[in-house]
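Below you'll find only one chain, the form predicted alone, shown as C-alpha cells.
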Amino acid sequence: MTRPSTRILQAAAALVAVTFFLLPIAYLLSVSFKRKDDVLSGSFLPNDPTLANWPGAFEATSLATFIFNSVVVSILAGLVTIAITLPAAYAMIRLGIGRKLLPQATLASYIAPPIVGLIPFFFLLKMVGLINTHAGLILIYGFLNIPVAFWLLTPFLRRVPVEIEEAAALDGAGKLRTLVSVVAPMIAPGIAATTIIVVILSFNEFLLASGLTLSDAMRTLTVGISLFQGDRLVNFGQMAAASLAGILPIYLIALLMQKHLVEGLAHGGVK
C-alpha cells in the first residue's frame, strides 16, 4: 500500500513536470495578447491586453498556407517513411537481408547534422525538377526519418511469433501478403506510434524546409514563423500568435492519437 508521504511526493513531482512543460506555452499565450511596448516590459501577464495580434498574424504573412503546407507535407512524409521502413525492417529480421550492416548504417546516417545534406538535397531536387515543391519536401522528409522509424519498428517486428507467419505460409500466403495481412495488423499500435513520431519530426523541421522552399506557396510553418523576424523590429506578439496557431494542428493530432502513441511505445518497450 502506498504511503501518504509517497503520494504527496509523486503529486509534487508530477506538478513540477507539468509546470515545466506548460509554462512556455502559457508565456507564449500571454505574449500573443501583448502590445509591442508591453512585450519589452518583461511582465508575465499583459498589462493592456489586445486581440490585434491574432488577425494581424494571418494578415502579415500567408500563415494559413504555411500551416496547410506543414500538415500535408508532414503527414504524407510520414506515410512514405512507413511504406519504405516497414518492409525493409521485416526483410532484415525475417529474411536476414542486411542484418549485420543495416542497423548500424541507418543509425550512422542519422547522426550527421542536417546541414550536411542541405546542398546535396538542393541540387538533387533541382536536377529532377522537384525544388520548391511539396513532392520534393515529402520525399526528403520521408527518407530522412527512415532511421527513426527503423529503430522504433524493429522491436515490434521481433515480437511477432514466427509460428504465425509459418501458418500463413502453409495457407499459401507469400512474404508480402503475410506482412500486409498478418504482421502489420498485429503491430498496428507500433506503426501508429511510429507514424505519429515521424510526422511530428517532419512538422517541426526548419533547416531543410528553409533551404528547399523558395516561395510562400510552398513554405512550411517553421519557415513562415521566421518571416516575422524583421531587419530591425521583431513583432513578438504576432509571432507568438502565429506559433500558437501553427502548433494547434500537431497538438490535436497528438491528443487524438495519444492512446495509440502511449500504447504503441509501451508495447515496444516490453520484451
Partner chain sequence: MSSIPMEGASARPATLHIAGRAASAELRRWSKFIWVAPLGFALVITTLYPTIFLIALATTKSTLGKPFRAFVGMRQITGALLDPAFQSAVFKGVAFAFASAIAELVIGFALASLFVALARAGRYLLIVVLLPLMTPPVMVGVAWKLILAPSGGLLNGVLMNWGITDAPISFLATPVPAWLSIGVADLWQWVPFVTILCFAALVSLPDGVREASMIDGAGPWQRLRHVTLPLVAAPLASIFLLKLIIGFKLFDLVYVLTFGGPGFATTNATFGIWRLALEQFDVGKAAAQTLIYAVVISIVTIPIVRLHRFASEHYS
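Numbering follows the first chain given and starts at 1. Take the two forms, find the largest set of C-alpha atoms that superpose within 1.5 Å, and that set is the rigid core. This is a predicted model, so every value here is computed, not measured.
Here the subject shifts to the form predicted in complex with its partner chain, a form of this protein not shown in this document.
Would you confirm whether the three residues Leu51, Val72 and Ala193 all fall within 4.5 Å of its partner chain in the model of the complex, going by non-hydrogen atoms?
Not one of the three qualifies.
Please run the contact check for Phe33 against its partner chain in the model of the complex: heavy atoms, 4.5 angstroms, yes or no?
Result no; Phe33 lies far from its partner chain in the model of the complex.
Distance check, Gly172 to its partner chain in the model of the complex, heavy atom within 4.5 Å:
Gly172 lies outside the contact set for its partner chain.
For Pro120, is any heavy atom within 4.5 Å of its partner chain in the model of the complex, or not?
Close contact exists here: in the model of the complex, Pro120 approaches its partner chain to within 4.5 Å, heavy atoms only.
Please run the contact check for Ser109 against its partner chain in the model of the complex: heavy atoms, 4.5 angstroms, yes or no?
Yes, Ser109 sits close enough to its partner chain in the model of the complex that at least one of its heavy atoms falls within 4.5 Å.
Looking at Ile200, Leu157, Ile138, Ile131, which has any heavy atom no more than 4.5 Å from its partner chain in the model of the complex?
Of Ile200, Leu157, Ile138, Ile131, the residue with a heavy atom within 4.5 Å of its partner chain in the model of the complex is Ile200.
Answer with one of Ala91, Met186, Ile164, Leu79: the residue that has a non-hydrogen atom within 4.5 Å of its partner chain in the model of the complex.
Flagged contact: Ala91.
Can you name the residues of 10-31 that have a non-hydrogen atom within 4.5 angstroms of its partner chain in the model of the complex?
Gln10, Ala13, Ala14, Ala17, Val18, Phe20, Phe21, Leu22, Leu23, Pro24, Ile25, Tyr27, Leu28, Val31 sit within 4.5 Å of the partner.
For Asn47, state whether the C-alpha moves by 2 Å or more between this form and the one not shown after rigid core superposition.
Asn47 C-alpha, core-superposed: shift of 2 Å or more.
Does superposing the core leave Leu9 with a CA shift of 2 Å or more between this form and the one not shown?
Yes; Leu9 is a residue whose C-alpha shifts (by 2 Å or more) between this form and the one not shown when the cores are overlaid.
Rigid-core frame, C-alpha of Leu23, shift of 2 angstroms or more between this form and the one not shown
Where the cores coincide, Leu23 shows only a C-alpha shift between this form and the one not shown that is less than 2 Å.
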